[in-house]
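This document opens with one chain alone, in structure tokens, the form predicted on its own.
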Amino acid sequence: MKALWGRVSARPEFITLGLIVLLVLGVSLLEPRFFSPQNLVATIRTTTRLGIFALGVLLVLAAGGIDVSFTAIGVFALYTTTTLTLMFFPTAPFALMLIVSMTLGALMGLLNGFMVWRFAVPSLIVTIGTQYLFTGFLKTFVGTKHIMDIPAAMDSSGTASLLQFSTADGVRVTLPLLFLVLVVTAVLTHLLLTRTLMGRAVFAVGGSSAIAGRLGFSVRTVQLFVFGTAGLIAGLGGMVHGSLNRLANPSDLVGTELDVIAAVVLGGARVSGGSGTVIGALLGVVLVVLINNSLILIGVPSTWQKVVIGGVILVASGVFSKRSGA
């Protein structure tokens, strides 16, 4: 039994998957609508939005940092790109809008990385500051109104379907094509972390920056890379979020950063750094989304969602701490 636990606990994503299975079994017994096509597709749509952000958070956590500014970066990149497109190039293709949004995100992420490295300030403090900075700059100089008349390419991308069908009661269910953005981003992130020298450097710095430096890894380069890439992914996530919602809202995504960070931690990434997998992060997102969705289905007040997620995080943290021998 101890040997079996050792093999399972060495891969914390198995624990997360087990929690998902238990949750699905339990809720499906209480609420038959859980397995309805509408609910499953809604879960996938939410997972698509949060999952993209989670991949950026994973990179930062793996390197021993923490970023709470990614939602502000995503909204800033989304709203600014949408505004500029409507002003100067309303017929711009969606690919160009993605490039602009990702570039803006990468620049803001690099600012986070530069400040963390140059001033040796804890990344949590830096990103709390830049979160307010980016949000304040957006609302002061770019705009505060909701943009419902989004560019045509953005609207068509958000409504494009990967799979579409009608249920027995005549309800049309659509799996968005933008789900593929999550798939591609996840594959690329996995290859980066597991097949490249930079991936090794990220985990080395997350394990111990002092030891990583003595081994020849550049801590500065790693910090600039992970925060810049996390910003780039946030810019991508912002555009996907806005396209799926068919709306650019400068106040959107506020408060969801803790859900995303919690999901990555539930997937097995240590806040102290040096660990984490793409599949674990995505399973963590699925778990958080399912918890929120399940509580709504069975009629639990929304105010209890944070309480339940907090309890799951505490339990999971205890399990993962025991796994690491802490």
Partner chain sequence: MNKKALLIGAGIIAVAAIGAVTYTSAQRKWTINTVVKITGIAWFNRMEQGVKEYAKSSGNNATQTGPAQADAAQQIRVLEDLIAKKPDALAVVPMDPATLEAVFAKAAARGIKIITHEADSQKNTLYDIEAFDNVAFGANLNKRLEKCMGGAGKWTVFVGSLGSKTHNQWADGGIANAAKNTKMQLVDAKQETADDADKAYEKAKEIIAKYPDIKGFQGSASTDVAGIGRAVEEAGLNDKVCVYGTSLPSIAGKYLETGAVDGIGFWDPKDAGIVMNKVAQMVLEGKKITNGMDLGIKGYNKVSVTKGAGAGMIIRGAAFVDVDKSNMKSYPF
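Numbering follows the first chain given and starts at 1. Just so you know, these numbers come straight off a predicted model, no measurement behind them. The term rigid core refers to the most C-alpha atoms you can superpose between the two forms while keeping them within 1.5 Å.
The next section is about a form of this same protein that is not shown, the form predicted in complex with its partner chain.
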Exercise for review: Verify the flagged residues Thr140, Asn249 and Ser294 against its partner chain in the predicted complex: is each one within 4.5 Å by a non-hydrogen atom?
Suggested key: yes
Check your understanding: Can you check whether Leu244 is within 4.5 Å of its partner chain in the predicted complex, heavy atom basis?
Key -> yes
Exercise for review: Considering only heavy atoms, tell me if Val171 and its partner chain come within 4.5 Å of each other in the predicted complex.
Suggested key: yes
Practice item. Using a 4.5 Å heavy atom cut-off, state whether Arg11 contacts its partner chain in the predicted complex. Key: no
Exercise for review: Give a yes or no for Ser156: in the predicted complex, does one of its heavy atoms lie within 4.5 Å of a heavy atom belonging to its partner chain?
Suggested key: no
Check your understanding: Just one of Leu162, Met148, Val184, Ala95 has a heavy atom within 4.5 Å of its partner chain in the predicted complex. Which one?
Key -> Met148
Check your understanding: Rigid core fitted, then: does Val307 show a CA shift of 2 angstroms or greater between the shown form and the other one?
Key -> yes
